[in-house]
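Form predicted on its own, single chain, as structure tokens, below.
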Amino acid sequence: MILERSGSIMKSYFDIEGDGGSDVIAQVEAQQEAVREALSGVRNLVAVGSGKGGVGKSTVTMGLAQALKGRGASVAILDADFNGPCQAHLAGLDAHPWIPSPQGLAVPRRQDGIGVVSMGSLVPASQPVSFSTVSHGDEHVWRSTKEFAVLGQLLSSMAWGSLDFLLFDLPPGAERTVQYADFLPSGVSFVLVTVPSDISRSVVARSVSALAGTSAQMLGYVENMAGYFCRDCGEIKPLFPSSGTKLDLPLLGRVPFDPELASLCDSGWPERRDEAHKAVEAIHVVAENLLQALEAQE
């Protein structure tokens, strides 16, 4: 597609000869090597995405971290949603500084040991996380480019150490999900989150199709808000009409909506394993199926 601006045709990347002396390829390769070195002690990289916003990716990510930690795994989370970072609040690590160490920036940790790296620890909730772009005349460095540069710096600068799991909480958008699949180190596995509606499943299905064209491994999907738990009657009742849209992925589990889970999130998800929460109980099932899916890939 030809784009026109102010009467002139904008050049695409492929129309530009050379790199202007920036040696950008060498810079990218150096960053990739730094990321690989920083993550050398991490056994499993798992990205939690969707393509659809508002499906509860962040809650599922924190729930999985809690469930995996409860099984004796060492776990950390990287909040890759820079525009809406919420893992810091979910972890109870608002306004938590990042402290330098000899190995790099120390990963902020909850009392239970789960590490959480989120821009929400640095930027107050009332303020946006803004990225300055470089402009000169009609030339721009797009925001997404800056975001991935920051992501690379975070991955390479944090002292991750030895971890069983590093979970990535991805931003919404099918195209964004694919961009992260291309950017993240090889070997990353994807878990996609949906709610049981045709709209949500159709958007997530686009992510499934797009990811199939990458080297990313897809472990399965989680159906979040799969009914709501009625505490008065003790039953899980329908929340959405039944959907006829199918996802060509294994189902890792269904997590019902439980108002008390929302209360847990707002309070920084205190360290406890309360099986009275039907949603928490369901997330433990997802974690078990996730572990089995990872074992099947080995």
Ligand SMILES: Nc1ncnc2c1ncn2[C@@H]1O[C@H](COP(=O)(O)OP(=O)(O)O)[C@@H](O)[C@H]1O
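All figures in this text were calculated on a predicted structure; none of them were measured in a lab. Sequential numbering from 1, following the sequence displayed.
Although not depicted, the form predicted in complex with the named molecule is the subject of the following passage.
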| item | value |
| --- | --- |
| Residue (of 30, 230, 251, 262) lying close to the named molecule in the predicted bound form, criterion heavy atoms within 4.5 Å | 262 |
| In the predicted bound form, the one of 224, 200, 177, 118 near the named molecule [non-hydrogen atom within 4.5 angstroms] | 224 |
| Residue 70, heavy atom within 4.5 angstroms of the named molecule in the predicted bound form | no |
| 4.5 Å heavy atom contact, residue 54 to the named molecule in the predicted bound form | yes |
| 4.5 angstroms heavy atom contact with the named molecule in the predicted bound form for residue 46 | no |
| Contact flag, residue 257 vs the named molecule in the predicted bound form, heavy atom cut 4.5 Å | yes |
